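One chain is shown next in structure tokens, namely the form predicted alone.
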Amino acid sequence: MPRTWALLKDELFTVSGLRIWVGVAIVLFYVFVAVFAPVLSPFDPEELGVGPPLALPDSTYRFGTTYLGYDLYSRTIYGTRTALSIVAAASLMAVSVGVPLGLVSGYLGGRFDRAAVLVMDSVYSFPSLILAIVIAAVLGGGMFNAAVAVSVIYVPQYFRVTRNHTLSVREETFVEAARALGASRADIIRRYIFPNVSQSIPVILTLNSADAILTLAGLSFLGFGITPPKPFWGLDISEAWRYLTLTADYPQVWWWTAVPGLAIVILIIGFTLLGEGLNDVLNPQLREGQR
């Protein structure tokens, strides 16, 4: 980890560092909105009829209202809290399963490694959204079930990267020395291998977070993720789409899809910039190839 922080310190004022700064700024802005949602939101996002149906954006309803009279501004703000909460929970679950399993599998090898690789490759081969839909359909709606559905599709990525690095690090001289001195397998993995493979985790975490936002929005749009009246961007876009199939008043409701859509796009850009910047800084091979 000290090496990781040293690399970050040296690269923060390069082009890669600029990506990190912009990505951090965007993500922190969303975190601020999520934390202070009760203060920033003028209405209850789950309350019907706080305004007239399909009101145009004005000083009272800043982003307008839906056809059921929900305040879109309030729902967009609280949707930030919903999105970040689920992505954080899904990432924590994926890391908690994928990283330890990759460490153990890569270090032990043998039948356990072959079995773990077979299972993870099988999961990884499924299209991520389809797999998330299947899991969400089995578990049902709700924030926790959505987090589980999203987390499962990212476990193989953490496993594969961690395992591949472990296979390389376990052959290093310092690991051989620790083994010769009688260190246990658990100590070797915890003290010598994990610190040397952990620098890839922040990169995967940020890039997967960007993809998780899109996956979660897709689940909710298709009716397998967040359930009404819980505020979330994908759900609001789905409701707007259903309304648009019944009416020709598209010019009057463009904001209903544009506002949550922009919220999704900007947050994805933030996580992507952060992840790409970290990848440029922490990946020695990539840095050397650019010189």
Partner chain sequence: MAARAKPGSLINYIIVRLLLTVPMLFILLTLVFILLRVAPGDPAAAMLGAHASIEVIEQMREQMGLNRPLYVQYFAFLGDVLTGDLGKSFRFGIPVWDLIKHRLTATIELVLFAFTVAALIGLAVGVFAASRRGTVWDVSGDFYGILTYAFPIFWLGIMCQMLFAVELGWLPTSGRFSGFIDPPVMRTGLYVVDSLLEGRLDKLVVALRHLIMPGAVLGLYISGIFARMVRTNMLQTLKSDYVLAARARGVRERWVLLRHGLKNALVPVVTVLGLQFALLLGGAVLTETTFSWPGVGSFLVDRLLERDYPAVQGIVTVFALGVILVSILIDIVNALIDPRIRY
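Quick caveat, the model's predicted, so the values are computed rather than measured. Numbering follows the first chain given and starts at 1.
Another form exists, predicted in complex with its partner chain; not displayed. Remarks below refer to it.
Exactly one of the stretches 182-190, 122-130, 166-174, 92-100 approaches its partner chain in the predicted complex with heavy atoms within 4.5 Å, and it is 122-130. Mapping the unseen interface onto this chain, Tyr30 falls outside it, with no heavy atom inside 4.5 Å of its partner chain in the predicted complex. Although the partner is absent here, Ala210 sits close enough that one of its heavy atoms falls within 4.5 Å of its partner chain in the predicted complex. At the 4.5 Å threshold, heavy atoms of Phe221 reach its partner chain in the predicted complex.
A residue is said to contact a partner when one of its heavy atoms sits within 4.5 Å of a partner heavy atom; Gly261 meets this definition for its partner chain in the predicted complex.
Although the partner is absent from the chain shown here, none of Ile20, Leu40 and Ala88 has a heavy atom within 4.5 Å of its partner chain in the predicted complex. Of the residues in 262-279, those that come within 4.5 Å of its partner chain in the predicted complex through at least one heavy atom are, in sequence order, Leu262, Ile264, Val265, Ile268, Ile269, Thr272, Leu273, Glu276.
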